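Just the one chain here, the form predicted alone, laid out as structure tokens.
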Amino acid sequence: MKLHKDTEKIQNLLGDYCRTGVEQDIPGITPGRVHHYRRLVYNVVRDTMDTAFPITLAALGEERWDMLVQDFFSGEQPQTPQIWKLPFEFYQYHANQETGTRIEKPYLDDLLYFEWIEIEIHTMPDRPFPDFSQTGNIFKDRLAFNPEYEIVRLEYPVHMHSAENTSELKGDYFVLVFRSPETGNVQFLNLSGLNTYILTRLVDERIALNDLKGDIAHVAGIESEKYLDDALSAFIGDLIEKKLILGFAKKTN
């Protein structure tokens, strides 16, 4: 049902005050009590951010973290009606504002995004799982992958080191983030550039590992077939153990 224009105006005035703290005449609000609305709303936002970004909070400290939350709260008008999605807007806001550069924390964007992606993967809608068999050959048969995953590219290795120790380690890093089909828990796995290439090709092209070995050897500059087979067996075995690979794709007629 569409709101009456006066009601909508009052809601907008109250929302603006809750965000900015700039007092104005709001019809129907008891004088001297309006600050309680702002405090209550801010506490909800602050608690949501504390819960979503515990590593960032620990890395920045209470005072600086409160500054980031206050800045977002005052300067951004959230678009999502779902409070669990508010941390993504918080990440976007500070990335757009280049806050990490301004406060001399170059890893900030990566750390915020890394913590957000755990929420996103955990709450993502279920994706259909493929039909698969537990028996097969990892080189000759197509592999069946858990579809509930993302590969994240980072400039700072915040997934491997404490944030403060990553400032001088800028580079290209890849993280596999996926949801365990058995527990629903989110897991992380550091990937080399080569393993990212292998995984992406296997999933996108739906080919067997043997069909890719020549390209892998060329890209990696590997001449020994035994060394390549051993390395691939270890990588695929790790993905099977962690349930990113569910088994072997069933052949279709």
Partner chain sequence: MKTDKKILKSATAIAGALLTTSLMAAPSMGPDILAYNDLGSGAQVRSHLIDMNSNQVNTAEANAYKLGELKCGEGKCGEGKCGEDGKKADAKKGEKAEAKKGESKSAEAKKEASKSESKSKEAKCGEGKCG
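Residue numbers count along the first chain shown, from 1. Since the structure is predicted, the reported quantities are computational estimates derived from the model, not experimental observations.
A second form of this protein, the form predicted together with the partner chain, is not displayed here; the remarks below concern that form.
Enquirer: Phe114, Asn165 and Phe174 - do all three of these have some heavy atom no more than 4.5 Å from the partner chain in the predicted complex?
Expert: Spot residues vs the partner chain: full contact, yes.
Enquirer: In the predicted complex, does Lys243 come within 4.5 Å of the partner chain, counting heavy atoms only?
Expert: The answer is no: Lys243 has no heavy atom within 4.5 Å of the partner chain.
Enquirer: Though only this chain appears here, would Gly214 touch the partner chain in the predicted complex if you measure heavy atom gaps against 4.5 Å?
Expert: Gly214 lies outside the contact set for the partner chain.
Enquirer: Please determine whether Asp66 contacts the partner chain in the predicted complex, using a 4.5 Å cut-off between heavy atoms.
Expert: Heavy-atom contact with the partner chain at 4.5 Å: absent for Asp66.
Enquirer: Find out whether any non-hydrogen atom of Val158 is located within 4.5 angstroms of the partner chain in the predicted complex, and reply yes or no.
Expert: Yes.
Enquirer: With the partner chain taken in the predicted complex, which residues across 115-130 come within 4.5 angstroms through any non-hydrogen atom?
Expert: Glu115, Ile117, Glu118, Ile119, Glu120, His122, Thr123, in sequence order.
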